[in-house]
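What follows is a single chain, given as structure tokens, in the form predicted on its own.
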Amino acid sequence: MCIPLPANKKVAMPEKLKLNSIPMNKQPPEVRRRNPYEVAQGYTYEQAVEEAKRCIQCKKPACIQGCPVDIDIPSFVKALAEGDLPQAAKIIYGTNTLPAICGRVCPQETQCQENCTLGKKGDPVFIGRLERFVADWARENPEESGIFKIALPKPTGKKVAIIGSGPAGLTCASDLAKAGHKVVIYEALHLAGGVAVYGIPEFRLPKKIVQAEIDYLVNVLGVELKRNQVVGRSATLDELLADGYHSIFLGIGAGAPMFLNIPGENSNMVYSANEFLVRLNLMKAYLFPAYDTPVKVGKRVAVVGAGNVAMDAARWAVRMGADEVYIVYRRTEAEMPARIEEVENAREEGVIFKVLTLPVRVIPSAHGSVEAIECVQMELGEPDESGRRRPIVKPGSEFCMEIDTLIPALGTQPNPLVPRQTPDLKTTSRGTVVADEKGKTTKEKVWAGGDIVTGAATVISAMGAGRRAATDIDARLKNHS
């Protein structure tokens, strides 16, 4: 359904502060538990304008400081409040090529919205919801929005390879293409988008949204996309440089799983969260046998961890028919790294939270499948290096949970393929690539950004890294012309 553009008339700005935000409609829990469709339904035009009118247009807008890609938030919100959607879209797309993705999955509550002045008195302006609304309107009204009418500069004759089509790579590619360079993206999988397609579920981020943002890069900005290209196997970085590329950006993410490393973890029906989510998100196992990749989910599922990935896995398990789904976490809910919104959605959908609990052994059945997990209860001690209180085992607190499916969701680490093929590319003990604040690595003509540098982080932080690298690459290419 297209979002109509209302008649061009100015909307009066509010005279008094509105401290309560406009709620966004969601699918009811009893409905969404059994379908894969997007939970958050987005704002209507009237709701978006009303929420935008809450912005008080600070003289020193702190919200911009919280945005890793430096969107001019007050200006786009003001344009929306005045009913000027084309101007709002122009402002957003000026610095963010992936706004429909960011508006859905970025942690605005700890970034731009956390800095919102209005949030000191009441609810902050829900910037992410407004960004999503404008992006969706622009996509469905391309002629009126004008986002596809972009004048690219004269080609510079420089050629840049982007390795990986996740948020960092797509952002870097976009900025370099807008600077006039020839940009080629190498993607290992058959679909582009990185974590946005293989990691984030349909019910949080519909894949048609990701594809539309990628189509914009290809069809409007002229970025070339090469899929099914595993750099490190199909070509090394040195071979790409020898083949005529003037610079390379590594945005290959951190997609290798981490495990509990406890006895019995190699039992049947133990999935890494990576495998579980890739089967469902990328390979569409929820549509089996229409799609060839199946996934088996038992009736009692335990997901270990409490980040967004853990919530995604647990919520998929619910949708795949599990009777009981547990989030097992060694700290309390206050320390959970997942977005509050995702925790709330999981709880609404019936996910059960077992906090201050740590699995120490997987108990297999006679047939080698998971039958239970032995756990210990925890208590919180002094803060550790993360700033959170360190969990400590309670002596004599062992107990068993009967389950038939275990999904560790403990974070990810970089795939070592490219670094192993590139001796002069320095890495850390964690396998991440060493890069300076602009993304420059120890290898000449190679930059890196996103999870491959920081370890698993957010979509928007990866985009910020891609932007900083693109700025530095562009400057160096033009200075050496």
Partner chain sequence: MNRILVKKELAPKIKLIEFENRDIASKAKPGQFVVIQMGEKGERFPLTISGIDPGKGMVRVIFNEVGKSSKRLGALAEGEEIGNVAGPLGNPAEIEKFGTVLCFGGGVMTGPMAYEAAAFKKAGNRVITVIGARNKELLILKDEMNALSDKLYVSTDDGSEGYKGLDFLRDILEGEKVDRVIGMSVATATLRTLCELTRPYGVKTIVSLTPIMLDGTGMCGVCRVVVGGQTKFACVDGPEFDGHLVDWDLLESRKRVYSHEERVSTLLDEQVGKDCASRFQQTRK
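Positions refer to the first chain, counted from 1. Quick caveat, the model's predicted, so the values are computed rather than measured.
Unshown form predicted in complex with its partner chain; subsequent notes refer to it.
The three marked residues, Ala256, Ser272 and Met283, each reach its partner chain in the predicted bound form, with a heavy atom inside 4.5 Å. Not displayed here, its partner chain is kept clear of Lys158 by more than 4.5 Å at the level of heavy atoms in the predicted bound form. Heavy atoms of Gly381 never reach within 4.5 Å of its partner chain in the predicted bound form, leaving it off the interface. In the predicted bound form, its partner chain sits within 4.5 Å of a heavy atom belonging to Asp292.
Although the partner is absent here, Arg279 sits close enough that one of its heavy atoms falls within 4.5 Å of its partner chain in the predicted bound form. Contact with its partner chain in the predicted bound form, judged by any heavy atom within 4.5 Å, is made by just one of Ala179, Ile363, Cys375, Ala188: Ala188. Here is the short version: of Asp72, Glu335, Glu265, Asp123, the single residue with a heavy atom within 4.5 Å of its partner chain in the predicted bound form is Glu265.
Contact with its partner chain, judged by heavy atoms within 4.5 Å in the predicted bound form, is confined among 150 to 158, 396 to 404, 90 to 98, 234 to 242 to 234 to 242. Of all the residues from 214 to 238, those having a non-hydrogen atom no more than 4.5 Å from its partner chain in the predicted bound form are Arg227, Asn228, Gln229, Val230, Arg233, Ser234, Ala235.
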